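Only one chain is shown below, in structure tokens, and it's the form predicted on its own.
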Amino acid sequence: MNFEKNENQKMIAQMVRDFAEKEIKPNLNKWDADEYFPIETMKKMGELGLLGMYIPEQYGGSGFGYFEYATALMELGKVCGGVGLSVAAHNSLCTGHIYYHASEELKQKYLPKLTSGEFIGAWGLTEPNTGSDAMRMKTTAVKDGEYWVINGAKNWITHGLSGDVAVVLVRTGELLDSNGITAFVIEKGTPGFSAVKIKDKFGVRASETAELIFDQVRVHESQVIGQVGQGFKQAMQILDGGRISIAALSCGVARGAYEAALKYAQEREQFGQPISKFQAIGFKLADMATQVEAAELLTFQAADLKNKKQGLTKQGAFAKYYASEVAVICGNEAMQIMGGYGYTKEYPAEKFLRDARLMTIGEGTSEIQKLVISREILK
């Protein structure tokens, strides 16, 4: 594996940096305070090719690999974890599920709109009473002629309110049957399909989160992704790849916190010298720098396997688990280095820490990652 950034990565990193400096950085504190989802900014990122990064050009995507995708998320994470999370969820979950598992007809119908930003995508697996225990989901679909009738609810869904289309996993078979769950594509405005915004989140507040509600929602059988009953297996494959995106985003948040702390430590003076000269601070910075580098290497290792279409369950869990925990550590240490200033919204440390905290929960908690890893190494 070549660890040198390729020309596409360098180009994408600079493009995202320039975009973030102009479009995101001036607004991020207001978006965070107001819990505002900047859908206009998302659509601009679609115009730049950031909403279909690994989707082939025939479907309107950018046609890049996972190195380029991870690089873009790292750059976004350095500025705003909330915006980065929205880009990750749109790419890896909704758009990715359709690309990897849907019929050619559904790909042609939805991918060009999703990759361009005309449509914003959502993905629904989690329910109010089922998170990691997804096979106990209560949202059901019952066949009625050419239609499926869906009832139930999904919770903690990114873009659940503003999304134009949602990929939703529902139970079509018996409880606890891994072959009894099916994925559907459901468009906003379908009768009986509604959403309620979830407010007062701790972090990633610029990324919209909602509860999806299904009340006698009729969905045509042509909207089924793949085969009936294969949704759970599809979802597990999607989450394997999706963990790379959360790992990459975590790396970005961690590096953003580290770089902010480094800059502050070199400028802040106490006892007649920059605080970076004190060993206690220098060692903190050394630990942060080392951990960020290690997290990035694990993330690119998983991305390399994804590019090669090889199994990545263990490596994806390695990357997601370690990088998300490092993001929290770096956010916490950045706040400690900045002292009282780090505890205020005037400085970026507290936002990095708040955004980082979600990374250890979304797309499988750290505890679930350790469960996946332990199962893999004990095979």
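Model, not experiment: these values are computed from the prediction. Note that residue numbering follows the sequence shown and begins at 1.
Separately, the form predicted in complex with a small molecule exists; it is not shown, and the next lines address it.
Within 4.5 Å of any heavy atom of the small molecule in the model of the complex lies no heavy atom of V217. Using a 4.5 angstroms threshold between heavy atoms, N151 stays clear of the small molecule in the model of the complex. Though the partner is left out of this view, M288 does not reach within 4.5 Å of the small molecule in the model of the complex, counting heavy atoms only. Interface residue remark: T209 is not counted as part of the site for the small molecule in the model of the complex, having no heavy atom within 4.5 Å.
If you check the small molecule in the model of the complex, you find no heavy atom from any of M45, S116 and S245 within 4.5 Å. Partner contacts here mean any heavy atom within 4.5 Å of the small molecule in the model of the complex, and among 262-270, 234-242, 72-80, 296-304 they occur only in 234-242. Shown without its partner, this chain lists A122, L125, V204, V292 as candidates; in the model of the complex, only L125 has a non-hydrogen atom within 4.5 angstroms of the small molecule.
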